[in-house]
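Before any questions on how it binds or moves, here is one chain, the form predicted alone, in structure tokens.
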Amino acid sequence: MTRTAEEARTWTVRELADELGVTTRTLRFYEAEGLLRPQRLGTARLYTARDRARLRLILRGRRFGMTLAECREIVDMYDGAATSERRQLEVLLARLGDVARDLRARQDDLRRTLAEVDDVAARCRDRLDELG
């Protein structure tokens, strides 16, 4: 099977970091954790389309509040087979449900706190008005 130009493309540490809005240190950290396995050309690291896709999944998972271990579980279970993709999607869907519940609970907490802040601010304004 012939690889497409996008599949054959590689990125340097700086190019990938800039494209995805992370530091080069972040890429090196994920590499040290075994989440990314860039090719080596002398001392240069070259990231493949697979590395880029894995990094995008990891970053999305982290943004959603997933631990590194959870991100690893999800990206490591994908090997290209339909059965592993199904399993990956089922695990991800379950975890996203947890994330959504947590975010909704935090959103409710923030609404309550904001209402309390607004109430205290209104009382402060009222008292300032009384004081003249």
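We call the rigid core whatever largest set of C-alpha positions still superposes within 1.5 Å between the two forms. Heads up: residue numbers just count along the shown sequence, starting at 1. None of these values were measured; they are calculated from a predicted model.
Quick note: we don't show the form predicted together with another copy of the chain, though the next part is all about it.
Should Leu103 be counted as a contact of another copy of the chain in the model of the complex, where contact means heavy atoms within 4.5 Å?
-> Taking the distances in the model of the complex, the answer for Leu103 is yes, it comes within 4.5 Å of another copy of the chain.
Does at least one non-hydrogen atom of Leu92 fall within 4.5 angstroms of another copy of the chain in the model of the complex?
-> Within the cut-off, so yes.
Counting only non-hydrogen atoms and a 4.5 angstroms cut-off, does Gly34 reach another copy of the chain in the model of the complex?
-> No, Gly34 sits far enough from another copy of the chain in the model of the complex that none of its heavy atoms falls within 4.5 Å.
Distance check, Arg40 to another copy of the chain in the model of the complex, heavy atom within 4.5 Å | Arg40 lies outside the contact set for another copy of the chain.
Candidate from Arg123, Arg14, Arg9, Arg25 lying within 4.5 Å of another copy of the chain in the model of the complex - any heavy atom = Only one listed residue qualifies here, and that residue is Arg123.
Partner contacts for 90-124, taking another copy of the chain in the model of the complex and a 4.5 Å heavy atom cut-off = Counting only heavy atoms within 4.5 Å of another copy of the chain in the model of the complex, the contacting residues of 90-124 are Glu90, Leu92, Leu93, Leu96, Val99, Ala100, Leu103, Arg104, Arg106, Gln107, Asp109, Leu110, Arg111, Arg112, Thr113, Leu114, Glu116, Val117, Asp118, Val120, Ala121, Arg123, Cys124.
Large Cα shift (2 Å or above) at Thr23 between this form and the one not shown, core-fitted = Stays below the 2 Å threshold, so no.
2 Å or more on the CA of Arg14 between this form and the one not shown, with the rigid core superposed, yes or no?
-> Where the cores coincide, Arg14 shows only a C-alpha shift between this form and the one not shown that is less than 2 Å.
Fitting the rigid core first, would the Cα of Leu92 be found 2 Å or more away between this form and the one not shown?
-> Comparing the forms between this form and the one not shown, which are aligned on their rigid core, Leu92 does shift its C-alpha by 2 Å or more.
Report the direction of the Cα distance change between Arg56 and Val91 in the model of the complex, compared with the displayed form, as closer or farther; the change is 3 Å or more.
-> Arg56 and Val91 sit farther apart in the model of the complex.
So the C-alpha spacing of Phe64 and Arg106 changes by 3 Å or more in the model of the complex; is that change toward closer or farther than shown?
-> Here the pair is farther apart than in the model of the complex; there, closer.
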